[in-house]
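Below, in C-alpha cells: the form predicted on its own, a single chain.
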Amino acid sequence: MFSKLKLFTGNANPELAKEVASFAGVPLGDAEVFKFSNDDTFVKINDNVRGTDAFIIQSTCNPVNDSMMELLIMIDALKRASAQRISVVIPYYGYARSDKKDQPRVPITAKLVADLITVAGADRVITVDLHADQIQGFFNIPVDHLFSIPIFVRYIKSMGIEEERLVVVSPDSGGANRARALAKRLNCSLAIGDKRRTGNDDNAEVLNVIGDVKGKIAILFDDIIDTGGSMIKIASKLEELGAERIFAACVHGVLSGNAAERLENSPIEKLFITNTIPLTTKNRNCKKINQLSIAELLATAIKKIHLEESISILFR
C-alpha cells in the first residue's frame, strides 16, 4: 500500500522526521545533505525514487537560510530523479511574519519563499499553524494547513483543571481567533491582551487585558514565541491582575537569544511548545519548557494524502 511512499529529511529537524517515519511505518529515505568547505550545499538522493510519491520533512528554522536552501535543492534533486509527486512538509514556515507591506519599501518575503518552493518543483505543501492564513494563497499549488490545537487540548485536559477555572489569553488582538478556537475546545472563557508594539518584540507595551482573569488559571496561547519579551510582559500583567497561575502554549518555539533565561525568571509556570522546531541544548535545559510532539499528526496527514483521502478528520 505504501510501497511508492518515500520520506526524506534535511538537517533542520531530523529527530521529528524520524518520529514521523516511525508513526507512518515507512523508513526514512537515504539522502546525503551536507555543505562543502566553500559553504555550498550538496544533496544526493541515494534511493531510487522514479515514479514515487516523495515527501520532504524540513522546517525552515534556524539556520533559516541554510534550511531553506536544503529544501529547495532536495526538491530539485527529487524532480530530476523522476519522482512522480513531490510534497514538502514544512512544520515551521520561516519568514511567515513577513506576510505584508506594513512599512514603505519592504518585501513580502513569505510570498517570495512560496514562489521559490513552487518554482523549485514542489507539487504540494503541508504546514502547521501558519502565522497568517493568507500565506496559503501565496502558493499556486495545493496547501494543507494543519493545526496543533487538538494536541494542546489533549494535554491541557490531562492536567485535570476544572473548566470554570481556566481562561485562555491571547497576547494581542491579532491572535484572538486562534485563542478563541482553543477556548472553545476547552469550554472555558477568553481574554485578550491590548498590546502596542513599537519596533521589535522587546518594545511591546501591554496596556490592558480585556476579560476576567482574577483568580483564574491563565493559558497564554500564541503561534510563535521568539525572544519571549511580549509573552512575558503580558504574563506579568496577568499576575498583576490577580491570575492564580499562568501557563503559556505556543506552537513554534523559536526561543532565540536569551528567551530561556527570561522564561526562567518570569511568572510563567510552564511553556508548552511543539517540536516543529528542535530545541537547542540551552533551551532543552530549561525546566519550564515542555515539548509536545506533532509527529503523529504529520504522519497521519502524509498517509492520507498519499492514499488520496480526505484529511478533514484531523481538524475535528
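Small disclaimer: the values here were computed from a predicted structure and weren't measured. Numbering starts at 1 and follows the sequence shown.
Note that the form predicted together with ribose-5-phosphate isn't included here; everything after this is about it.
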Response to the item:
Which of 160-168, 140-148, 229-237, 79-87 lies within 4.5 Å of ribose-5-phosphate in the predicted bound form, heavy atoms considered? The stretch 229-237
Worksheet item: Are 6, 19 and 304 jointly within 4.5 Å of ribose-5-phosphate in the predicted bound form, each by at least one heavy atom?
Response: no
Discussion item. Against ribose-5-phosphate in the predicted bound form, would residue 225 count as a contact residue? Criterion: heavy atoms within 4.5 Å.
Written reply: yes
Discussion item. Can you work out whether residue 111 and ribose-5-phosphate are in contact in the predicted bound form, taking contact to mean some heavy atom pair no more than 4.5 Å apart?
Written reply: no
Item to complete: Consider residue 97 of the chain shown here, and say whether it contacts ribose-5-phosphate in the predicted bound form, taking contact as heavy atoms within 4.5 Å.
Response: yes
Fill in: Interface residues of 121-147 toward ribose-5-phosphate, as seen in the predicted bound form [heavy atoms, 4.5 Å]
131
